[in-house]
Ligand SMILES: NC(=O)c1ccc[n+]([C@@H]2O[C@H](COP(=O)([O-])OP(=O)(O)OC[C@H]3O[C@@H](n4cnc5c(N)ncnc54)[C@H](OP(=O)(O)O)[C@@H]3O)[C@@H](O)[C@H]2O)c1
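One chain comes next, on its own, written as structure tokens: the form predicted on its own.
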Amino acid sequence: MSRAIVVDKTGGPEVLRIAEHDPGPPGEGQVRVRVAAAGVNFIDVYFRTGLYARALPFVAGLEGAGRVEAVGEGVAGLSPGDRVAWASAPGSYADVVVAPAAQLVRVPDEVTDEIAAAVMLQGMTAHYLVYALREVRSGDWALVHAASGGTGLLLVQLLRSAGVRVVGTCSTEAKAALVREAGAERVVRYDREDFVAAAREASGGRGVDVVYDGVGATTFDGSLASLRPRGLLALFGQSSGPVPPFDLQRLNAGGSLVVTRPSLAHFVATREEFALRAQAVLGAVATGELRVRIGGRFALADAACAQRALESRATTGKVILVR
């Protein structure tokens, strides 16, 4: 019998329960996939805690990679045995998942299942943040928070390949070494120095052109203060908690600043856009242009430990569940 991580009630990591679960055969337009690896993301934490609403009970997880077992009626282009990956298929913390064919992409031979599972959600997130939110201009300055995390390391690499100069924040010297290796020009140990002052100093006192902030409550004020006039703050996550309501007049006072709260779902809303981002990311991994760091591997039954590791910020790169 297949297994899955079931959430019967919202709460801490302890509510993640392994149980027998089989999603059944694929329906029309669906594919049944044997999961080889599943990605662990903060959005999984938000659903587990109830910050994001979802009907209970549910099987946790959204991201993974594996091999097609069966296809439903109306599915073209995929067959049993094909290796596929996905970023938004509910129920991915499992041995088997049934997902819409439109949300799957083939995995290149050069990319392992673990790497594919690790890069889909965060890789496509980094891709839209760099290429869809604003015009990428060589020589711009960007501030990337949590730069040693899974999304952070990918963001730094994509920004550098586009000619953007990067200031990255992190909390330890080991993490700082990874951020430098990814291409950050200036690395800020936020436990030791003020990232606002460092970002302004790096950018010649002008302020950075864009801030990528997936941390939220604890960094938001400093992120605004780091921007140049007419700069953009992309608040794409809230690992430290949601940002409290604030006076919009602050944006005017800071120099006609712009704040956006984007989500990956709105940048892969069509099959065409999903395929564009997924293929761009997996293609870059296949050629070695984009390096993916897996910072923690956990068995499916240890999903609670995996989420604890993610929330503790003790990990670097991506946390995954493996069979």
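Because the structure is predicted, anything quoted here is derived from the model rather than measured. Residues carry their position along the shown sequence, with the first being 1.
Keep in mind that the form predicted in complex with the named molecule is missing from the display, and what follows is about it.
Exactly one of Arg200, Arg186, Lys175, His127 has a non-hydrogen atom within 4.5 Å of the named molecule in the predicted complex; which residue is it?
Among Arg200, Arg186, Lys175, His127, a heavy atom within 4.5 Å of the named molecule in the predicted complex occurs only for Lys175.
Though the named molecule is not shown, can you say which of Ser171, Ser161, Thr112, Ser88 has a heavy atom within 4.5 Å of it in the predicted complex?
Result of the distance check: Ser171.
Could you tell me if Phe58 has a non-hydrogen atom within 4.5 Å of the named molecule in the predicted complex?
Answer no; every heavy atom of Phe58 is more than 4.5 Å from the named molecule in the predicted complex.
Does the named molecule get within 4.5 angstroms of any non-hydrogen atom of Leu310 in the predicted complex?
Output for Leu310 is yes: heavy atoms within 4.5 Å of the named molecule.
Within a 4.5 Å heavy atom cut-off, is Leu227 in contact with the named molecule in the predicted complex?
Answer no; every heavy atom of Leu227 is more than 4.5 Å from the named molecule in the predicted complex.
If you check in the predicted complex, is Phe274 within 4.5 Å of the named molecule, heavy atoms only?
Because no heavy atom of Phe274 falls inside 4.5 Å of the named molecule in the predicted complex, the answer is no.
The named molecule isn't shown here, but in the predicted complex, which of 88 to 96, 201 to 209, 150 to 158, 72 to 80 has heavy atoms within 4.5 Å of it?
Stretch 150 to 158 is the one.
Scan 230 to 253 and write down, in order along the chain, each residue with a heavy atom lying within 4.5 Å of the named molecule in the predicted complex.
In sequence order, Phe236, Gly237, Gln238, Ser239, Ser240 come within 4.5 Å of the partner.
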